[in-house]
Structures are given as C-alpha cells and as structure tokens.
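Consider the single chain below, provided in structure tokens and representing the form predicted on its own.
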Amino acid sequence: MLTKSQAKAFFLGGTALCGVAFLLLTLDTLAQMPARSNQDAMSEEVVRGHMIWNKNNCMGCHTILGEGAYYAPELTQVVERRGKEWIAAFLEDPESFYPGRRKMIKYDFYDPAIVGAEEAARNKADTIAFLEWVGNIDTNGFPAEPDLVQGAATQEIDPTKLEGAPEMFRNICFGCHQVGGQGGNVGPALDGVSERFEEDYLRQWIADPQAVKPGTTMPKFPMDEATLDAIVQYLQTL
C-alpha cells in the first residue's frame, strides 16, 4: 500500500510525465504536418479547384479523404487510378461514357459549348489540380489499393510495352487494359486482340461499345477518326 505522500508523488509524477509526452507528440505532429499535408504544393489552380468542389457540393455524392456521402466513388486517389486525360474527358460529358448508367450530371462549366473552350479547359484543369493535390497528401495508406493495378499516369512503364501506341491509348485505354502485363486490370488484356477479333469489329467496338453490346461496362470515348484509326492500327500490332 502507498502512503498518502507516496500516492501524491505518484499522481503528480505520472501527470507530469504524461503532460511532457503529450507536448512532445504535439510538437512532432506540427513538425510533420507541412510535408504530410502537401501544403507546399497548394497552387492557385488547386485553390480554384477546391472552390469548384465546395461550390457544387461534390461531397454530396463523393467522398474525399474519407469524408462525404458514399454515394459516388471515393476520389482521394482518382488521378492515380484514372489519369488526368481520362478525368478531363469524363468531366466534359459523364453520361457519354456510360449511357443509361452514370448518375453524374453534365455540369455547364465543363462544357465548351456553353462557357467557351478556354474557360471549360481551365475549370477542368483546376478540378484535376485539386484532386491531384489531394492524392499526394500522406494519408497513411488510405484509401486501400483500388481495383486497378496502378493508374496509367503514374506507374513505371516499360517503354517497349507501349511502343507505337497512340497518345490516347497511353493516357486513357491503358488505365483499364493491360499490354504485356502492365496497365489496369478492369478490362481484358489486349495482347493478341487482333487475332481474336476482325479489324472492322474492333473499329465498331472502340467507336461505340454500347451500340455493339448495350450495357457493356466499357464507355464511349469522344475521339476523331484519326485517333480511332491510330488505335485500331496499334491493336493490329499486338
């Protein structure tokens, strides 16, 4: 049994020790915050993108850093998963990617026909800059690894795997499909695809997947004839 004086000394000593530990942990947290919060990379574009995010209540559907509505996809690492070019194309017209399935509306401020090409491009760039900044915050591994192996925009690629690939294939298609064991694993690997399908079928499928197979998970990407030709020709080389 402790005497009253011993108990008092134990209480005061323990309180002081815990207070010092709390102070040291607080100082350590404050010292780590600048690097872990990515605050040095907070540019004007990031700030404008954050304003777009808040003004349009994006958290009413999406989550970011674990906060939000959990109705639409979590976006903390969306740039890593999808890449900037894919996101830019998606923001311009979400419904065209997944006809009849996507609930995200087409916002006017991303539409060149409404606000002009320059402002639409800036709004998309600002939004993507904000999402990219969030993705570089040190979150101790949150969120868990996505279904994609790695985003096409960030993984270290063996250049021989994409030799001759058009820019759109590198930036968008590669985010879901694999070539030579690299890329995303959402869609099927494309090695030998020209042996499985006729060239005309590939052209029709890439131009409008929904017209070939209604309800398919592959979206319709906006592209011109030259880009379509380049992708089909590249697939022939696989």
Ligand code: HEC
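When you see a residue number, it is the position in the sequence shown, counting from 1. Everything numeric in this text was worked out from a predicted model, so none of it was measured.
From this point on, the text means the form predicted together with this ligand, which you will not see here.
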From the list Leu91, Ala125, Ile137, Val115, which entry has a heavy atom within 4.5 Å of this ligand in the predicted bound form? Leu91
Exactly one of Gly181, Pro188, Gly66, Pro34 has a non-hydrogen atom within 4.5 Å of this ligand in the predicted bound form; which residue is it? Pro188
Heavy atom of each of His50, Trp133 and Ala230 within 4.5 Å of this ligand in the predicted bound form: no
So in the predicted bound form, is this ligand close enough to Thr15 to count as touching (4.5 Å, heavy atoms)? no
Quick one: is Gly164 in contact with this ligand in the predicted bound form, heavy atoms, 4.5 Å cut-off? no
Any chance Ala129 has a heavy atom within 4.5 Å of this ligand in the predicted bound form? no
Does this ligand come within 4.5 Å of any heavy atom of Val193 in the predicted bound form? yes
Can you list, in sequence order, the residues from 199-238 that come within 4.5 Å of this ligand in the predicted bound form, counting heavy atoms only? Leu202, Trp205, Ile206, Lys213, Thr216, Thr217, Met218, Pro219, Phe221, Met223, Ile231, Leu235
